[in-house]
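One chain follows as structure tokens, the form predicted alone.
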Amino acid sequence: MRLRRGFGSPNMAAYMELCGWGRYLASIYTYGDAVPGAYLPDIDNAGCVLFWGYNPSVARLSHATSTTAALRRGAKLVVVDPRRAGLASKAHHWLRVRPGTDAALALALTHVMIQRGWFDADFVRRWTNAPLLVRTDTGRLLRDDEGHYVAWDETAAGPVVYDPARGHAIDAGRLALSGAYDVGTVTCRPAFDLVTEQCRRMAPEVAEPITGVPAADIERTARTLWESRPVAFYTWSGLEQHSNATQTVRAIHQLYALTGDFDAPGGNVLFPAVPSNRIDGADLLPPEQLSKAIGVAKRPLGPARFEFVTGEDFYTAALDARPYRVRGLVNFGADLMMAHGDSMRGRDALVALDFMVHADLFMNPTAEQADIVLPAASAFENEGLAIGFEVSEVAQSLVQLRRPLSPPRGEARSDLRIIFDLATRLGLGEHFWHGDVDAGLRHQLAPSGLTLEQLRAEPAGIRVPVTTRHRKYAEPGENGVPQGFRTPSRKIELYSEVLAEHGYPPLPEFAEPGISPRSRPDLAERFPLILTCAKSLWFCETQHRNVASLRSRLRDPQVELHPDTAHARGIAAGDWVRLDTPHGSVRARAKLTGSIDPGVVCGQHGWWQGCDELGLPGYPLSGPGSANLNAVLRQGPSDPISGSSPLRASVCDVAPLSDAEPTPD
């Protein structure tokens, strides 16, 4: 990021829309911060752990082990996942949601909690914008002549002004959360009243046929979320790869706000960090460059607002010169083609570039399109500094400089060394300590009080004492007014005026996935099954299928399906099958599981490598014999706000491979 900003580019193609949008950026429109990306689950003190679209057993083992420990001390576990994978088998409530309908489930849970009174009304009044009045004529927040917000004082039976800089003039406990009130000639309702109405439309009996989750299970889960507080929650890319990603995440954030557990012990907490200097170069990019970010005009609140380019917009810029032509790419270790839908369009986009350089350990389909491939050293061959680990207060206190276990092979250099050398050759050396990596690390470490020499002498790391402060939003700021949240209202924003100003729904709502049997009945007869996908335990996304010790654990690509679905198609466990989508076919071996819904199948992305040591084949990127799931998935229809692609909710069918289609055996 420092190199990119120093060079002057506002475009980082990290596919934030697929992995990170929901955890880090979409939450800004509710909490003003990264939740749960920065406000992490305090699992060690939680009474209930909620994992939604997240399987820590294959994503973050520290969360899996701490959750197991929490269960042993009596905590409850709620898992929302189309598959009974990992810790879902130990959950008190496993909600087998239809892929892409998570927002409907969140709204239904919220309805139950509001209807039953299972929510922290005091927290909602004081720390969310639920009491702010919304005009019934325009659907916008009511403001006074000075532009301040307005709420309704139930005690005085009249309007009261709310100025974020000064707070409320009365005790927030007097503010109305429901009803209709005339302020002058305008009739208004508290935002919470609109939330209540919105969620009432998605009552459990309404949500059941949409989500596949029984109404009784929704009711029981809502009770557990309330009675087993504090609740700590986490989500992952299971919620981010959908055409309705932003509203889904907002619906879950709304649900979580009702618990009152934000930044409280056992909730989601911003753990303290060991002091360090920023190194991301935020001050190096000229402000006028921000308006040139690819995609910012199309999605002004999406990833491009934060300098991240979606894959869909990157490909369009490279191939169609919209909004302008992308001419070059510097890529560090990302197999862009295999990691996103429209793999072949991705290849065409890379070919269309004037120049591309790629740094990696192994050749891969993306590296093969590069003009120059730089050999990168592995993590075991170079140093790496970590200031805190995002797990708990104890983990955050650890500063560690990983030491190399062996020298780099051949001409390989660490990514850091490549970046510093590139910066120097580009004339940016003054921003990179004139090529001295150690000087850069010393600058980063300076506020911590630690030195490189100390860390090199203690390879297990050194702990710097830190202390967690809870409910930091309530701490006094200017004029003694509580700091609140980094939102326009300084409140958790259940109603988002920012979204409304850009033409998006201000309250979380459910939208049917863009490609489903319900939204595309024209495809339902030919493709009656819903296709989702999940990562494998044994590989890192698209990598490492060439490593024999890993490939021996999972020799072939798999697709999970229900035994009844398989029987109806003449498929037995272990058979090679053809997975058909509206955009082509790929092959995989059938894995039968009774835990998945008969109408859902689950594939795996990232299959291309062969393993010579085991005599196992590689697969073409597309066409006959391909096992590349992303070759037959598309980047659209994408989420209107984030550009997130529907890789985890599409349509398909499965059939045995015919005799005319030779198997890889």
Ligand SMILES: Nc1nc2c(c(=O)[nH]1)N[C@H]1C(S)=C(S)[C@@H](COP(=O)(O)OP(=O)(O)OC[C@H]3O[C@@H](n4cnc5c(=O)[nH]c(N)nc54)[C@H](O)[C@@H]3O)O[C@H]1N2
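Only the largest set of C-alpha atoms that superpose within 1.5 Å between the two forms is called the rigid core. Since the structure is predicted, the reported quantities are computational estimates derived from the model, not experimental observations. Numbering starts at 1 and runs along the sequence shown.
Just so it is clear, the following notes concern the form predicted in complex with the ligand, a form of the same protein that is not shown.
- Checked against the ligand in the predicted complex, the candidates Ile641, Ala13, Val654, Leu647 yield a single residue with a heavy atom inside 4.5 Å, and that residue is Leu647.
- Taking Asp360, Glu154, Asp575, Glu393 one by one, only a single residue has any non-hydrogen atom within 4.5 Å of the ligand in the predicted complex, and it is Asp360.
- Note that among 610 to 618, 63 to 71, 624 to 632, 28 to 36, the stretch whose heavy atoms approach the ligand to within 4.5 Å in the predicted complex is 624 to 632.
- The candidate spot formed by Val78, Glu219 and Gln558 is out of contact with the ligand in the predicted complex: none of the three has a heavy atom within 4.5 Å.
- Though the partner is left out of this view, Phe355 does not reach within 4.5 Å of the ligand in the predicted complex, counting heavy atoms only.
- Looking at Thr542, you'd find a heavy atom of it within 4.5 angstroms of the ligand in the predicted complex.
- Contact check for Ala588: no non-hydrogen atom falls within 4.5 Å of the ligand in the predicted complex.
- Under a 4.5 angstroms non-hydrogen atom cutoff, the ligand in the predicted complex has His242 among its neighbouring residues.
- Using a 4.5 Å cut-off on any heavy atom, none of the residues of 478 to 493 reaches the ligand in the predicted complex.
- Taking 2 Å as the criterion, Arg648 does not count as shifted between this form and the one not shown: its C-alpha moves by less than this amount when the rigid core is aligned.
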